[in-house]
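Form predicted on its own, single chain, as structure tokens, below.
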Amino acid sequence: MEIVGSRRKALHYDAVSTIPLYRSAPALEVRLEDFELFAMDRLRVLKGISDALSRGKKPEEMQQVERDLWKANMKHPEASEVVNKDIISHFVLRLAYCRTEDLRKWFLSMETALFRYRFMSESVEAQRALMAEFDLPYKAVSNAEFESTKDKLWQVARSVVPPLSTADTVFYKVPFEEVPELVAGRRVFVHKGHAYVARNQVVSLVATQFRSHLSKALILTNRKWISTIREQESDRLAPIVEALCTSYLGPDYSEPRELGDISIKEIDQIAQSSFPLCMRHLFEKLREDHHLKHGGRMQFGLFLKGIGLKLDDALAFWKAEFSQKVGAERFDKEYAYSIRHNYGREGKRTDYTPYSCQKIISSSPGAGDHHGCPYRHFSEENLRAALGKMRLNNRAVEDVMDKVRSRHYQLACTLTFEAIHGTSCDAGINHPNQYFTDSQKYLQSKNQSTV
């Protein structure tokens, strides 16, 4: 796969199935802008699947989630380019996620889940074509063997959810260790080391093969990345590849949206009603200590900018707090410049954007720092206390703590939002300013409905 400035040769996939198996990198040219954009679109699909799985969506719900995610993100203005986008995006993300064991594990799980849902949407003929491509050696159970085991087979078929169709008498006999999830879920009849797999369960066989091939490919890609690619592409592709894993995929919230500006007088009230825990904590510490270290000032200051605090009000707000500890003169000399800088009024005049959840989670606060993500950086005792102050009931706190222990920090924040507001947040929380905006919209609509 060669990256070029603007040319690209089409790649054609002629098999019956619409699912590429990504056996080898395609021999085509890719524009640099497509290299990144295609990868980010696929990443939206994979992260959407990851969020839905973390929220405990059922298999039938996951099928719809995948369809909606794919339709929303993997389309292309030119129909002939859809397959190209599919293949290119996979190989770019393979490069991005091959670099550590944790990244490989996540990518492998999400790509396998995506493959599973796509396979289940294929026609029977396409499914058979994919099985043939994987060279799966399994033969259908003979009529004689079926007759001798059919009572056991239908007993299992009736017990699984959803029930297998008794009209489908095609079963495959495979070594039981090749379908561990079916065995663990008691969804197959096992006899003498073999599992009898119904035709509509063969997705487990094919997904296992897909996972095995991709797992090996990720290791090989990692070796190539270390030995040649990273050095050869250090100026052009490497920065893009290395940034993809931590990319924030939503709006940047650099400007307040439909909610408009806020004033200093409103901050105390909206902090109680609509600040996410990370920003509530910083606000409380600022009120308590009349000071925040650089990391806290950046995280909280850009958040306030994003929710609509104008520069003059920001200067007045920070000065009112800091001057109680360092004095007004020292504030003007040492701190006012950085506030103006964040608003694009000093230095290179860059208009800085508020931090996303991913950036906050990946930060490393030190002693005396109060920035970062409470769900990741707080002790369990401190987090429970903070959630209690937000008036979460015991059941909600335990649900949040369960997600924290699984390192699903954004989902923990989402559950906090849902518990406080009494409404679902299917999109999940991906940005502190999104939390604020969604909270304010909900409260406004609630107030209007009670008028």
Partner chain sequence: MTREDIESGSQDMVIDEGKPEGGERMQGNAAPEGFNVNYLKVYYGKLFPHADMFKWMSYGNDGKHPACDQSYFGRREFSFTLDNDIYLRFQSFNSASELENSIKEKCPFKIDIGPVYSVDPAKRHAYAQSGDNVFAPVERELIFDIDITDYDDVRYCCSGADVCLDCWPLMTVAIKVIDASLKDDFGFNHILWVYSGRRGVHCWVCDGKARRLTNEQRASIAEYFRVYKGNENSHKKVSLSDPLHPFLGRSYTEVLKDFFESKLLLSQKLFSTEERYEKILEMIPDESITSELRGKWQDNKRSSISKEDTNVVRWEQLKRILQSGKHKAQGPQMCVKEIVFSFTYPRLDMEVSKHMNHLLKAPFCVHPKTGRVCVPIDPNCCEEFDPTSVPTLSKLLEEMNTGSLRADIDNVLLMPEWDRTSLGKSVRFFRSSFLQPLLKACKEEIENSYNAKLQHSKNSLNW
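Residue numbers count along the first chain shown, from 1. Not measured: the values here are computed from a predicted model.
Keep in mind that the form predicted together with the partner chain is not shown, yet the notes after this line are about it.
- Although the partner is absent from this view, residue 365 contacts the partner chain in the predicted complex, with a non-hydrogen atom inside 4.5 angstroms.
- At a distance threshold of 4.5 angstroms between non-hydrogen atoms, residue 265 is out of contact with the partner chain in the predicted complex.
- Contact check for residue 213: no non-hydrogen atom falls within 4.5 Å of the partner chain in the predicted complex.
- Within this chain, residue 379 lines the site of the partner chain in the predicted complex, having a heavy atom no more than 4.5 Å away.
- Three-residue candidate spot 158, 186 and 219; every residue lies within 4.5 angstroms of the partner chain in the predicted complex by at least one non-hydrogen atom.
- For the residues 128, 173, 191, 340, the 4.5 Å heavy atom test against the partner chain in the predicted complex is passed only by 191.
- In terms of contact with the partner chain in the predicted complex, the residue from 223, 139, 325, 345 that brings a heavy atom within 4.5 Å is 223.
- The partner is not drawn, yet in the predicted complex one stretch among 379-387, 27-35, 48-56, 400-408 has residues with heavy atoms inside 4.5 Å of the partner chain: 379-387.
- Annotation for 281-314: interface residues with the partner chain in the predicted complex are 281, 285, 293 [heavy atom within 4.5 Å].
- Panel note: the distance between the CA atoms of residue 373 and residue 98 is larger in the predicted complex than in this form, the difference being 3 Å or more.
- Note: the CA-CA distance for residue 54 and residue 361 contracts in the predicted complex relative to this form, by 3 angstroms or more.
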